[in-house]
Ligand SMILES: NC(=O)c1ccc[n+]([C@@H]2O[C@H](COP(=O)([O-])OP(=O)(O)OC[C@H]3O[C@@H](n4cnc5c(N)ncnc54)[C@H](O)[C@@H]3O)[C@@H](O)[C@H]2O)c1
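Shown next as structure tokens: one chain only, the form predicted alone.
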């Protein structure tokens, strides 16, 4: 699979391009960035032609797929440009600025029969796959509660597009919260149906929220909450995901991020009869560890295999639209705050 890159700096240079290069079935053929210096630096780094205009690149270079790692406000138009050139697209999350725009984009790709994949890499983490396996096999009994905390330290930075609503669509919720929503829906295999939440600027003065907390209820009645923050030091957060059920629990620490690290603790402890004493016995849990496989390479391989199968799969692209609907509702609730 021959790849072109739109948005060559940032996440593309750090994660996506190395992931492409690690996949034996993929080859990088060109990069594009609107900042001339970035395009040239990344192009020379990987020994491929570089451009500052996506249409110029796609009309000049023979490629099969396009990776887009630009600010959110660019996603829709750049993905549509790639589609007009007949390319499959791997688009970084979130899909677009809102659910309506996201849904329209997915529909256009489905109509054209071209693969559209959204860069939610955390479901490929071996520990999250293990958590899903435990849920599906009944290892937690009936799941009743789910929690996720995802944070990073993101102070005021001159020119940072994630701190501008018109460029990124939102703050901690749009950048970190979407990962939590998508991952929880993957693990529980159902969608979040109702949310109630708050956004705030507790620490920083940029125009998007530096923190958000929300409670949710899924279709089957699982309750849970998510908190995401740009104002908690990296060393002070466990990056934690928790699932509790009628027979046990799964707790993942250090798994929410761009690398396959961390530990999963699993406890199977069905209780049976009610105990008025409420004594807590120390049951011994099992532990599983991250395998440190490149999550971006995993995504690239899955994308390529789907394209090569000749049967485009839009399930998770449509799920990403559902994620955006949840975020849109939370922002709507906070317009009056």
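Positions refer to the first chain, counted from 1. As the structure is a computational prediction, the values presented were derived from the model and not from experiment.
Not pictured, yet referred to below: the form predicted together with this ligand.
With this ligand left out of view, the stretch that reaches within 4.5 Å of it through heavy atoms in the model of the complex is, among 133-141, 114-122, 221-229, 101-109, 114-122.
Within 4.5 Å of any heavy atom of this ligand in the model of the complex lies no heavy atom of residue 210.
For the chain shown alone, residue 43 is not a contact residue for this ligand in the model of the complex, no non-hydrogen atom being within 4.5 angstroms. Taking the partner from elsewhere, residue 21 is found to have every heavy atom lying beyond 4.5 Å of this ligand in the model of the complex. Taking the partner from the other structure, this ligand in the model of the complex has no heavy atom within 4.5 Å of any heavy atom of residue 300. Using a 4.5 angstroms heavy atom cutoff to this ligand in the model of the complex, all of 6, 35 and 75 count as contacting.
Residues of 81-115 that come within 4.5 Å of this ligand in the model of the complex, judged by any heavy atom, are 92, 93, 94 in sequence order.
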